[in-house]
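This document opens with one chain alone, in structure tokens, the form predicted alone.
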């Protein structure tokens, strides 16, 4: 629907050998007009866990604030960081709670779990999870990202190669989508 395409976005996460990468574009637009070229879509939850929020920019910011708050409470109560799988369930529950007036976001969650096992997943705006072993994509550039990742990805990449692969996939994909682009932001963990 139109509302997901209002600001434009491209987010992708990829799994390597005991590592992962999460990347997004930098554009914030209002339909075809560009408003900012330094917009943040990838947020840190803790040292080994990140979330990328594509879709409506205002909802992405609100959702991150709520998730950061919930994670801080979890840290205080449990005295440890949340596992990526647990966090994915939290995000899913939070979105499903608002299913009749949803946050117009499609999150991508990427983290390192037990023994540095990489975990990536994405969900729709009402929290239906989709787990993957290789890569996940979301945003207005998701179709071209699927194609680029499908052709460039290979399993068990080292961090350096993973960085190159995800960067090239992102850059070539946003060229095929007029609503996303203006540089990229890549995190390797």
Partner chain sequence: RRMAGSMELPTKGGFSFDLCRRNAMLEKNGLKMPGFRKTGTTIVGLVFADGVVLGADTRATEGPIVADKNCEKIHFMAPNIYCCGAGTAADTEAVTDMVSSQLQLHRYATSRESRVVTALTLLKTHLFNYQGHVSAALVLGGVDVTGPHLHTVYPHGSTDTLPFATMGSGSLAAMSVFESKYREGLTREEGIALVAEAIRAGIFNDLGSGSNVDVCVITKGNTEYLRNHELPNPRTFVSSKGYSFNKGHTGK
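Residue numbers count along the first chain shown, from 1. Keep in mind the model is a prediction, meaning the values are calculated, not measured.
The form predicted in complex with its partner chain is left out here; the points below concern that form.
- Residue 163 belongs to the set of residues with a heavy atom inside 4.5 Å of its partner chain in the predicted bound form.
- In the predicted bound form, its partner chain lies farther than 4.5 Å from every heavy atom of residue 87.
- Within 4.5 Å of any heavy atom of its partner chain in the predicted bound form lies no heavy atom of residue 28.
- At the 4.5 Å threshold, heavy atoms of residue 119 stay clear of its partner chain in the predicted bound form, well away from it.
- Relative to its partner chain in the predicted bound form, residues 51, 72 and 74 are all farther than 4.5 Å at every heavy atom.
- Heavy atoms closer than or equal to 4.5 Å to its partner chain in the predicted bound form belong, across 117-134, to the residues 122, 123, 124, 125, 126, 127, 128, 129, 130, 131, ordered by sequence position.
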